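Below sits a lone chain in structure tokens, taken as the form predicted on its own.
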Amino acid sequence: MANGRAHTWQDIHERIKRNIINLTWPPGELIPGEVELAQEYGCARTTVNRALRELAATGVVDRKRKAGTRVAKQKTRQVRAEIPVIRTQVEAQGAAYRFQLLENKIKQPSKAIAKTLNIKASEVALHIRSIHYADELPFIYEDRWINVKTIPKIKQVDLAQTSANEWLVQHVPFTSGEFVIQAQNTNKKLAMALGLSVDEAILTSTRTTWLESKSVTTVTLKYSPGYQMHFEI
């Protein structure tokens, strides 16, 4: 703490960046871990995590799960995608938001989901399915699995009142993730959920996030026609 003020992630961002610019940590060097940096700077680990994520987003550092964080050998431009709160997306358009929780159950996932979450086939996870609405029109269909060993508190959350998307964004940090976007045709079940015709093309994204070596969640979002996804570079 400096001058009685708690460090923000922006403070830590600038201190780490300064060490990189003055070559305290030269290109390619593995920098200290989040716990060590949090102790050195006198702040929470989540504050360090946010600072490092911002530095990684702009190509200043390279972060890899299990391999740590290294100073980038050369600055590259990267596409930056933030995880939005769906409610705020809808309200920003001037529309009324609500969501409908279709499923909230701890159960054994498929082998493919277990592999994605890096859990044993015999283990269980929390399965969430929801539809998010904008002015009572289907906006996004959400199919999510959450690793309850990583996030045990999720079992006590009333996910009928606060969506899993919003709760996770607000309460759970992550250190890395994978993000896939593709076009997909609707099947009968999805067409009915989104009020569309069967075989109508829609945008689909699948995102898996990690907290160090532990999976947090893997979610597939299916968007109503006309949805636009924005990135920064």
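Keep in mind that what you see is a predicted model, and the values were worked out from it rather than measured. Sequential numbering from 1, following the sequence displayed. Take the two forms, superpose them, and find the largest set of C-alpha atoms that agree within 1.5 Å; that set is the rigid core.
The protein also exists as the form predicted together with the DNA; that form is not presented, and the subsequent description refers to it.
*Asks:* Which listed residue (L190, C43, A164, V61) meets the criterion of a heavy atom within 4.5 Å of the DNA in the model of the complex?
*Replies:* The residue from L190, C43, A164, V61 that makes the contact is C43.
*Asks:* Mind telling me which stretch in 190 to 198, 203 to 211, 61 to 69, 177 to 185 gets its heavy atoms within 4.5 Å of the DNA in the model of the complex?
*Replies:* Only one stretch passes the 4.5 Å heavy-atom test: 61 to 69.
*Asks:* Hey, in the model of the complex, is W9 touching the DNA, heavy atoms inside 4.5 Å?
*Replies:* Close contact exists here: in the model of the complex, W9 approaches the DNA to within 4.5 Å, heavy atoms only.
*Asks:* Answer for G33 alone: is it within 4.5 Å of the DNA in the model of the complex, judged on heavy atom distances?
*Replies:* Judged by the heavy-atom cut-off of 4.5 Å, G33 is in contact with the DNA in the model of the complex.
*Asks:* Using a 4.5 Å heavy atom cut-off, state whether H171 contacts the DNA in the model of the complex.
*Replies:* The answer is no: H171 has no heavy atom within 4.5 Å of the DNA.
*Asks:* Rigid core fitted, is the C-alpha displacement of H13 between the shown form and the other one 2 Å or more?
*Replies:* Superposed on the core, H13 moves its C-alpha 2 Å or more between the shown form and the other one.
*Asks:* Superpose the two forms on their rigid core, then report whether the C-alpha of V61 is displaced by 2 angstroms or more between the shown form and the other one.
*Replies:* Passes the 2 Å threshold, so yes.
*Asks:* Is the shift of G177 between the shown form and the other one large enough to count as movement, that is, does its C-alpha move by 2 Å or more after the core is superposed?
*Replies:* Where the cores coincide, G177 shows only a C-alpha shift between the shown form and the other one that is less than 2 Å.
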